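Two separate entries follow, structure 1 and structure 2, each one form of the same protein chain as structure tokens.
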Structure 1
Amino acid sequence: MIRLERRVDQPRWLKVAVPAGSVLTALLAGAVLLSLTGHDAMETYQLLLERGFTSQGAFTATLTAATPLLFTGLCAAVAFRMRVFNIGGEGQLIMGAVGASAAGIALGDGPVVITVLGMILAGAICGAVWAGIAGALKAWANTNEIITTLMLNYVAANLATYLVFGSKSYWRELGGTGAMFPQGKPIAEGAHWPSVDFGNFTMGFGFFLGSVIAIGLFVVFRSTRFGFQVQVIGDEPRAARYAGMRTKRAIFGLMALSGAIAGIGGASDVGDTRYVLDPKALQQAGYGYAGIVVAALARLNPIAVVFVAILMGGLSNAGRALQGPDFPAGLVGTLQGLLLVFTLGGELFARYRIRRVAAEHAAADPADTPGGAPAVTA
């Protein structure tokens, strides 16, 4: 008979050992899958490490790939903290890219500070509005935000596709090759976001901005009234209402904040990377869903999101660089999924103590457990 006892407090070593064990198990499961499907697991992992992190120029590309994940990861982490499940990072990022590319096209030839600020603002507003729809419905109409944010993802993708492929909109390039093949109108060169050279690697402005936002969020959650409210509403909404907190307003505000962050991610996609609204590529990338993985692996800690985003960015960067018959599509997503599944499952070992007990003992009164800790039989 196996018996689970909830741990009253977690020893320090477990906080390191459990995630490490989970990652190792996930890699092992991935290795089994790779071997079963006729690939050399060790070689694949080594290639991933090389192309993601250690080879020439790899880290620069990894940071670029990590940037959208950083934003969507923060987007999910912020909302999930209050147990508001914003799955709409995807659509909010797309709307941010729509807004930012319009700003980039309009402001293109102005001073770079104004242009960049304009693009960030436009992206944030569009993302916030898109998330705000679901936030308002959740707050005042009690509508399940998981489904609404998801449905809005598809609507946003269709909208962006319509702007570039289905109409002669402001976002569409009508001259040159654009007359033949529908494509987005590129932003002016003056609107490209700056990047910083660190010698070994280059960091785009988007990644820097995302890291600053992460630190800001960390502080907000740790030591402001809003951060406290988020925690209380997340843990016990009824207690929060009795304490006089405006929970509806907080839900709406948090969703808008979460969407604004994803929207800035969209702005960074236009300003840092693609310089154009590219709906097809954005849809294919699936940044929003990967952001949920990032947030969950980082246990909703904004600072940890930065590092997990780099890790996941490295994986997807390597996946892109290596894609071919030996390195099938979907492998990176599978590995990310395995990491997530095993990390989630592994938390059991951090939260509960697992005991083998004799059968007749297991039936004893729960009050027998040390410190009165609740016990369960499974």
Structure 2
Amino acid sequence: MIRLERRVDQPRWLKVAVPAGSVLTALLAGAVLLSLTGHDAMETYQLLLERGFTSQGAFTATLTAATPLLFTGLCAAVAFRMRVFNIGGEGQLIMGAVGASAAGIALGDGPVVITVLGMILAGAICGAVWAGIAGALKAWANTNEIITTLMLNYVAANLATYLVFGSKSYWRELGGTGAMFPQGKPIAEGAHWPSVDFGNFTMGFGFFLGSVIAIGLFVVFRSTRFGFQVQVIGDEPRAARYAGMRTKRAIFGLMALSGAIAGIGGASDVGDTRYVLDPKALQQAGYGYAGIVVAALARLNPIAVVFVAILMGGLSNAGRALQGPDFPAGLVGTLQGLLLVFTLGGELFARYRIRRVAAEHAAADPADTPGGAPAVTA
């Protein structure tokens, strides 16, 4: 008989081997699919590598595509660490874009530093408030946060659409062509976020800010009292309450933090890329749901989210650049799906180990396993 037994401690090498093995296995599975459909796998992968990372200007475009995924990935990773499932990263990002665009329009003629800080603060507040609604309902009304955050995505999308296309609001351009064809009011040129030129590529301020936030979150969760509370509440909520931890406040605070990060992502979208509130483009991009995939692939590690976001951004960038009759239409989406499937499958071997047991012991109480952890028998 074979038994899956929960690991009490995970070896350090396993934390690196599982993600690396999952990526390699996904690429191998993708190569098999390409071969079965009559495409050269090596040539296709080489094209993806060139258009996503190595050709002229490719890495700059990849970092641009990776920036919103970085913020929504961090948003999901933060909440999921406490087993609070924030599925509302998309709505929180949209609300952050609403707040940041208003700040950019209002402060566009001022100093760049004040304008950028104002946009970041406005985006963070709007995202935090939007996520805080679901957090408060979860903490004090025991409402399922998956449902509330998911529904709030649609509310945020419809609200942003109304502001630009359904009303004469502050966010809508009312002069020129905007009087005939509804469109968002662009922020002033002085509100555009700066970028840093490294010679071979250019990094936008949004990606740099997201990387700094990722490092800060890593330190917070690893070395602070709040990070310890998040871990304890996520693993053993009853023990946390017994120890006197204020679990309701922690849930609300973590959801607000998660939403604030997504909101800053919305601010980055306005200040770094579009320079206008564009509800339709934000909805079609699906950044919030892609961020959940990024967080899962990174195993909720904030530092790993940065690199996974670059990988996913490179795939998306290459897919857009290579669109045509000679390129497999669904390859990028298929690869992203395979990465997620094999990563989640790899988690099984990271959390459990396979043991052979005698038949007479297979029916024993699961509590008899080492550490008292439950085991699954096959």
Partner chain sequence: MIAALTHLLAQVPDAPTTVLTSGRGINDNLFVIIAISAIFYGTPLLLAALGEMLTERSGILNLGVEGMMLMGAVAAAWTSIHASGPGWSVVLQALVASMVVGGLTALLHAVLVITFRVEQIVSGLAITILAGAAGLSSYLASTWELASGPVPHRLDLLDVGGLADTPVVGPLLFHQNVLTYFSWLLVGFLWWYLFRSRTGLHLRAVGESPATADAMGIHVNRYRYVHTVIGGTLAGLGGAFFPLAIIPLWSDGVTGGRGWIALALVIFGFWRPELILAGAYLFGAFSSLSLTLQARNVEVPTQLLDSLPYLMTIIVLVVVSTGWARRRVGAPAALGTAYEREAR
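Worth saying up front: this structure is predicted, and the values here are computed from it rather than measured. Residue indices: 1-based, along structure 1. We call the rigid core whatever largest set of C-alpha positions still superposes within 1.5 Å between the two forms.
Asks: So which is it, 1 or 2, that shows the form predicted together with its partner chain?
Replies: It is structure 1; that copy is the form predicted together with its partner chain.
Asks: Based on the rigid-body movement between the two structures, can you say which of 252, 342, 90, 314 lies at the hinge?
Replies: Of 252, 342, 90, 314, the hinge residue is 314.
Asks: When the larger rigid part is held fixed by a C-alpha fit, how many degrees does the smaller part turn between the two structures?
Replies: Comparing the two forms, the minor rigid body swings through 16 degrees.
Asks: Would you mind giving the Cα movement of residue 20 between the two structures in Å, after fitting on the rigid core?
Replies: For residue 20, the C-alpha ends up 3.3 Å from its position in the other form.
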